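Next up is one chain by itself, shown in structure tokens, the form predicted on its own.
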């Protein structure tokens, strides 16, 4: 109460925000597994997600937040078990038109099954190669044991 008042000249000077500040949302789409835990945790149903299943894997295709209804409570960030959704320190989110208030974090097409299959094919030879090498070593050991007997 006896301390001197401090005024920050905003555009020229910026105050340092705390680490736990609830600003604009950021989503790391590569980490997101489209489990919908964040959408289910939101009390106002702000989060709209679309996902597609290609093979055995789910892909996030669209992630939209209706910020005009958001309370910035952080329940969606806490519910994310992959740490894909988090707050940033951006607080200036004002818009002149209501249509631009919605925050579109991800909007991408569904990946083709061929691309997903190619990625799986690339992984298979490496595992088959190591399994084949293990079989050869095991066969060599059994042949050596037979030779000793």
Partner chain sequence: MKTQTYFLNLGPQHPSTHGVFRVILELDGEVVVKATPVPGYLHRGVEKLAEARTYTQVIPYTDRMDYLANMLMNWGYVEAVEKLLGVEVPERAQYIRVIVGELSRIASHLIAVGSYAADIGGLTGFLYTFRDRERIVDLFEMLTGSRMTVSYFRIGGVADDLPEGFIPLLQKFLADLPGLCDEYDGLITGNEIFQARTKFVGVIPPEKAINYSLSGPNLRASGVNFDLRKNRPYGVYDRLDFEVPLGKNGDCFDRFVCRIKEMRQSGRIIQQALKNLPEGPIQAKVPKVIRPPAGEAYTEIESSKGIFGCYIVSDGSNKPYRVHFRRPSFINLGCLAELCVGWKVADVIAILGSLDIVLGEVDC
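Numbering follows the first chain given and starts at 1. Just so it is clear, the model here is predicted, and its values are computed rather than measured.
Another form, the form predicted in complex with its partner chain, is not on view; read the next lines as being about it.
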For its partner chain in the model of the complex, the stretch among 58-66, 40-48, 25-33, 101-109 with residues bearing a heavy atom within 4.5 Å is 40-48
Counting only non-hydrogen atoms and a 4.5 angstroms cut-off, does residue 21 reach its partner chain in the model of the complex? yes
Heavy atom within 4.5 Å of its partner chain in the model of the complex: which residues of 68-82 qualify? 71, 72, 73, 75, 78
